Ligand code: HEM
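Only one chain is included here, represented as structure tokens and corresponding to the form predicted alone.
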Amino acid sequence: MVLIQEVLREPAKAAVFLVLAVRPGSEDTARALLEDIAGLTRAVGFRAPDDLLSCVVGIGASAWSRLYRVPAPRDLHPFRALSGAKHTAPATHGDLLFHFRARRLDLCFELARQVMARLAGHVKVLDEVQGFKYFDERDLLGFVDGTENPTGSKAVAAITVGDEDPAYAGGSYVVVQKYLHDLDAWQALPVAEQERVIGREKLSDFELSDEDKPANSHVAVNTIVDPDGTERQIVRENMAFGSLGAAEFGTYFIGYAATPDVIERMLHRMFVGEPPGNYDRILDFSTAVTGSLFFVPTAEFLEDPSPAPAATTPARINRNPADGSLGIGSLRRSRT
């Protein structure tokens, strides 16, 4: 039985995102914390079980060989920066990503505090964002965010590594970017023009017809279809964030996928354009200031990353079971 991290959850009401750099010589401390993260999460969440506290951990390419003696996942690499004719997606460093989620921010904060207490003096915080749900699943631009997330077995298939990389079956890849919005410029647009930028009606969230939806709208640019007609999907868990004192307002993009290729193609279409120049018009109002890629190993790997014996057969993952699960048994650790 493979224990996976809880990537697929109901949309959270609050989140904390931490991107950390592990200081040289602190690898053992960081690895020990990762081995204990499930227990820490249970200890904090046990006090409020109905509020669904969870934590997903991602490991960056530069940190993998420092933390583990096993080969890296097949598609793990540093985030690839993109430069289009007008907009840029920067690449920023990150060794570890912690994605804390719950129905209450205090639970996320407490778990993050406990993690940082364990890592005190051993890591540098590169980015910290406290996110919140804005009204009825909207972002600060006023549009519903995450409408096209797959559900059930399609969500499992979209995020889960399978037999293509059997040593890491059950894992996922995750890309994070922090976007800052120019709300003054955005709010100066008439609602009808905002809808053309996004590709959806603002109030109803209905997608515009193909005749009314511009080719450079956010919806059109982020629709990836293979030559055989298959639409490629990811699972987004974006959160709004803001600081009144700093006058910073934005969206923290976090996308999970079975391969980073899907998200990388979306970003190429957004920033460079297909054809070049047909960039996502939302970028005229939202600026990417960070960009990192991580691998999300199974919870089983985090707890015991020692190399498996050569004779061991890697776990097979059924990514399309009828019930939408991973087809690998209970995700809860049994206790005796």
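The first residue of the shown sequence is 1; numbering continues from there. The shown structure was predicted, so the numbers you read here are calculated from the model rather than taken from an experiment.
The same protein also has a form predicted together with protoporphyrin IX containing FE, omitted here; what follows describes it.
Protoporphyrin IX containing FE contact at residue 236 in the model of the complex, heavy atom, 4.5 Å: Taking the distances in the model of the complex, the answer for residue 236 is yes, it comes within 4.5 Å of protoporphyrin IX containing FE.
Contact flag, residue 267 vs protoporphyrin IX containing FE in the model of the complex, heavy atom cut 4.5 Å: Residue-level check for residue 267: yes, a contact with protoporphyrin IX containing FE.
Partner contact for residue 251 in the model of the complex: protoporphyrin IX containing FE, 4.5 angstroms, heavy atom: Output for residue 251 is yes: heavy atoms within 4.5 Å of protoporphyrin IX containing FE.
Partner contact for residue 160 in the model of the complex: protoporphyrin IX containing FE, 4.5 angstroms, heavy atom: Residue 160: no, not in contact with protoporphyrin IX containing FE in the model of the complex.
Site test, 144, 263 and 286 vs protoporphyrin IX containing FE in the model of the complex, non-hydrogen atom cutoff 4.5 Å: Checked in the model of the complex: all three residues contact protoporphyrin IX containing FE.
Segment that reaches protoporphyrin IX containing FE in the model of the complex - one of 162-170, 70-78, 222-230, 99-107, heavy atoms within 4.5 Å: Only one stretch qualifies here: 222-230.
Answer option from 87, 200, 133, 93, heavy atom within 4.5 Å of protoporphyrin IX containing FE in the model of the complex: Contact check passes for 200.
Partner-contacting position among 33, 56, 59, 282 - heavy atom within 4.5 Å of protoporphyrin IX containing FE in the model of the complex: It is 282.
Residues in 181-195 close to protoporphyrin IX containing FE in the model of the complex, defined by a heavy atom within 4.5 Å, in order: The stretch touches the partner through 181 alone.
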